[in-house]
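Okay, here we've got a single chain as structure tokens, the form predicted alone, with questions on binding and movement later.
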């Protein structure tokens, strides 16, 4: 069984697009092989560099296996007239590739039909791949694509070469006018250009390595070792770990090396956030710090070449960085001439979203919303400083008018927090209050991912939630709802942020009320006249429930059935939902809990079948109709247990509440063992259904136990 190699060579691909494209290509090739009955006996691996995407599939079948099919044709009554085959019979035989006398007959529920057993001969793998691979390559998704040949042909960058091989044989495919061969290309600078691939498999990797092209893992390991080695030149120093930057430089290089550069110590007077952003985002440099995590006047640059023996590259990088730092220092000094308070009016000229107005209007909406959130927290007994929240909201977006943010857009929010630290803001404002305001502004965009930390203070949490909720409400009201992989306004990320903040700060906010009040902020505005979503409440609630489910399952690690059970009993109060999930997860392994879960599943099925068959359920339980001892015992126990569960639930003691519910197991088991629910007597049946419905309603406020998966039980 031959190995398959596919390599797409092109001009340099943007670093941010490589990983997703490589994963998609690997999945497409895997799916293609399975779909065409060419599943590999080995593994499928990927290789990518800035100039290539490659797939290696081990042990691919040389040809498709023959496929035997049984096909059904016309009815015998139609195909035969007077016992002789007519045109329909001949046409079906021709289609099947056999003679009429080889046709069989099958009897179905609709009558007797003609049938034929045909064998479809498998095609050689080379023929299949030559036909289908070009379409898979051409339909790869790219955030941005280029036209460079014919209208309608698009790819991220012009394709310059294709390698497609089965062991040592070339697969004759054509992609964008480029015919596949066995010649790849090595490092743009260090190699001699083309490199011949002797065969698919390990020989491919060896050939690339000889041409100064390393695989992803090898490049990352090489970069880490080089960063460590360069940093050792500075006693007591270490390079600052940056996972995102490391992935970027891996995607920018094929044969990397590292150089150590320096900058003037006077630049350390600028805020560290500014210096690191310039180095990381603009120059792709790693920062260097001492043992106390304090920035040092050095940097590390990753090169896509083997060395900088004469120091020319280092000198050029130092010169560029010096100019960037000088710009940042100039912008910092220039921005101090206008205070953040004076910049609030300037927000009237900064557009938030074309249909939702300016950032000044957004600020007024968020102020109102955050005032309401602060009041909720105070009523719940949580300490919060509404004055700090109000001032932080007022100044939160003013840094969008600063020169530093215009130059370094990734610093929005951070710059506002830094400026609030050094500006007086209000005469007589205590320093501690000013720092609280500054911290809230600084953290307003947190968390930017599920791995990111939440705002440090409650005031910062309120600002962040209010800002995100206002954005989500406006976008959903306009009908700009995320769908599939499309989320241009990052609404999922912002909703994830709201959920994470509420969960980690344990805030007493109800998500549905939050979004309803955020929507009220647009009432009477020009933006409201452009709203197009008639089902705002339904769509935004479904969206937030999905985010809560994601948080509980993927971030907190609860199993899917625990999450389903808890959310079925309510998801609006997130802190409460987490507490219930923790209790269910802790109790689910007990025997009584498993058994009561099975019983609740059975109860739910009985009630559902009764509803489908239009069987009446009594409005209230009639004691005189409880004829069996088992049903009387259960009816007597339910109110007592319900009272106990409600008392424990009001104290948020969900584990004990679940234990109390589980204690009903003997009586529930006895009921199902001794009592027939669906009897012929309408009144008795309705009464027993009411008993089950009452049981289900009383004890499903913590979780829907019927959602719990129980192994080996029905």
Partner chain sequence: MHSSVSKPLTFQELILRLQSFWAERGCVLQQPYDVELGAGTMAPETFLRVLGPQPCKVAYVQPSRRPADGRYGENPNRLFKHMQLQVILKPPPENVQELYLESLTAIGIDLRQHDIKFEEDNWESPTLGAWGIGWQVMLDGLEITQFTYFQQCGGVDLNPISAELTYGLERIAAFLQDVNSIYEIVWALEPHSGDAVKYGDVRLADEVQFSVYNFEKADVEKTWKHFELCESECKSLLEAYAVLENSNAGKKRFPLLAAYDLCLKCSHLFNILDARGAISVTERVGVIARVRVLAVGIAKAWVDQQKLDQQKVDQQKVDQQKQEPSANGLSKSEPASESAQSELSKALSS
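Because the structure is predicted, anything quoted here is derived from the model rather than measured. Think of the rigid core as the biggest set of C-alphas that the two forms share within 1.5 Å after superposition. Numbering follows the first chain given and starts at 1.
Beyond what is shown, the protein has a form predicted together with the partner chain; the following relates to that form.
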Revision key, fill the gap. Of the candidate stretches 636-644, 236-244, 141-149, 79-87, the one with residues having heavy atoms within 4.5 Å of the partner chain in the model of the complex is 141-149
Point to revise | Candidate spot 16, 160 and 331, all three touching the partner chain in the model of the complex (heavy atom, 4.5 Å) | key: yes
Exercise for review: Check whether residue 111 has any heavy atom within 4.5 Å of a heavy atom of the partner chain in the model of the complex, and answer yes or no.
Suggested key: no
Practice item. Although the partner chain is absent from this view, report whether residue 119 comes within 4.5 Å of it in the model of the complex, heavy atoms only. Key: no
**Study point:** 4.5 Å heavy atom contact, residue 12 and the partner chain in the model of the complex
**Key:** yes
Review point. Does the partner chain come within 4.5 Å of any heavy atom of residue 387 in the model of the complex?
Key: no
Review point. Considering the partner chain in the model of the complex, which of 252, 598, 173, 103 comes within 4.5 Å of it through any heavy atom?
Key: 252
Study note, to complete from the structure: From 320, 508, 128, 607: within 4.5 Å of the partner chain in the model of the complex by heavy atoms is 320
Review point. Considering only 22-54, what residues come within 4.5 Å of the partner chain in the model of the complex, judged by heavy atoms?
Key: 51
Review point. Comparing between the shown form and the other one on the rigid core, is the C-alpha shift at residue 179 2 Å or larger?
Key: yes
Review point. Rigid core fitted, then: does residue 698 show a CA shift of 2 angstroms or greater between the shown form and the other one?
Key: no
Point to revise | Yes/no, residue 191 Cα shift of 2 Å or more between the shown form and the other one with rigid core fixed | key: yes
